[in-house]
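A single chain, nothing else alongside it, follows as structure tokens in the form predicted on its own.
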């Protein structure tokens, strides 16, 4: 009798649809994203026409059901899109993540039928650029410490406060993004509101300049001075949005980890090619043990993190929370891996790695944000330890 064997599983392209998606995004990246990446990093500008091409390709609603205008795919598909885009332009990909994950995915799961019908067509096409407002000038990880408040006055709320580090907050100089999910205190609890450009009392504050990396996405402060938001723009019931926030953090962290995979993949490719083409003392750099160490360890670290990210995405149910240990875990592992791999790539390239021509300098700068945004490394360590301490028996399966 032949021994039973496990069915073959391509962890990274589990279905034909996933493989087709990867090919489509990779072709788009090579043909349209790569040629503009360096220039938009240098000018610190967001490429709005290119962003709208994502809408034409159906990528802005990759996790949204087909009956609501999306692609009807899963968390693995979202990982594929973010990995491939970040191999070329992590800054542009961050703007995509803020729109498609922080706004669109979050909005879809928590909006009413009327809200979906009114807003989804515009954000899925790219006509509107969206974002999410949670952090404040003095509040980051401690979201319960936010001071933005929403007071109900008849048929509307008045929002007062400031939000900080908002990706897509200003999509051009002085031009607000089109629509935002804004978290605010309603009494002692947190509620979320749909706030559109043009809302009285809502305006852009400072554009954050001279960022270390992710310069192709815009970052801004947004200001709410008794901003008049209709009650009809509240998502769900008043005070229910802490759960909305926590549920969406899981897919946010997995896709941020996917961005790290793209950065590391590109860095490994660059250092391998350079080590073959560049010679020293009469032989290719790849024949030197020190260089072999950088390349081999970088490749192994990337592959290990990649398997963890895709396995976590494969098990995710986008409609239900429950993967916090591993969504925190993959971001903790993958982001530190990507920064180290980018650093190793710069070391392999020497002086050429320190300038923009060979890409890794830009990827090195971009990688650092992923250890901070969407939850700091320290927050992930706290969450993982807390959750495992509650259910340590489940560690062994």
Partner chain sequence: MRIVVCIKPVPDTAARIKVHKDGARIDPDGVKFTLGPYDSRCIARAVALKGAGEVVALAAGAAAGEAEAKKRIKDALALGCDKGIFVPDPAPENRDPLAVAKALASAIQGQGGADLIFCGRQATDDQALAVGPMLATLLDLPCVTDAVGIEVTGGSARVQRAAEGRVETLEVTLPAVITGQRDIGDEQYPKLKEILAAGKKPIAEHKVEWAAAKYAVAGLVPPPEKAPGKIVGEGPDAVPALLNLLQTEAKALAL
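Residue numbers count along the first chain shown, from 1. Remember, it's a predicted structure, so these values are computed and weren't measured experimentally.
Keep in mind that the form predicted in complex with its partner chain is missing from the display, and what follows is about it.
Note on the partner interface in the model of the complex: the residue among 156, 207, 116, 278 having a heavy atom within 4.5 angstroms of its partner chain is 278.
Contact with its partner chain in the model of the complex, defined as a heavy atom within 4.5 Å, holds for exactly one of 71, 265, 220, 295, namely 71. In the model of the complex, none of the heavy atoms of residue 377 sits within 4.5 Å of a heavy atom of its partner chain. In the model of the complex, its partner chain sits within 4.5 Å of a heavy atom of residue 23. Contact check for residue 39: no non-hydrogen atom falls within 4.5 Å of its partner chain in the model of the complex.
In the model of the complex, at least one heavy atom of residue 62 sits within 4.5 Å of a heavy atom of its partner chain. Using a 4.5 angstroms heavy atom cutoff to its partner chain in the model of the complex, none of 183, 242 and 244 count as contacting.
Contact with its partner chain in the model of the complex, judged as any non-hydrogen atom within 4.5 angstroms, is confined among 63 to 71, 337 to 345, 360 to 368, 43 to 51 to 63 to 71. The partner is not shown here, but in the model of the complex the stretch 17 to 37 reaches within 4.5 angstroms of its partner chain through a heavy atom at 17, 20, 21, 23, 24, 27, 28, 31, 32.
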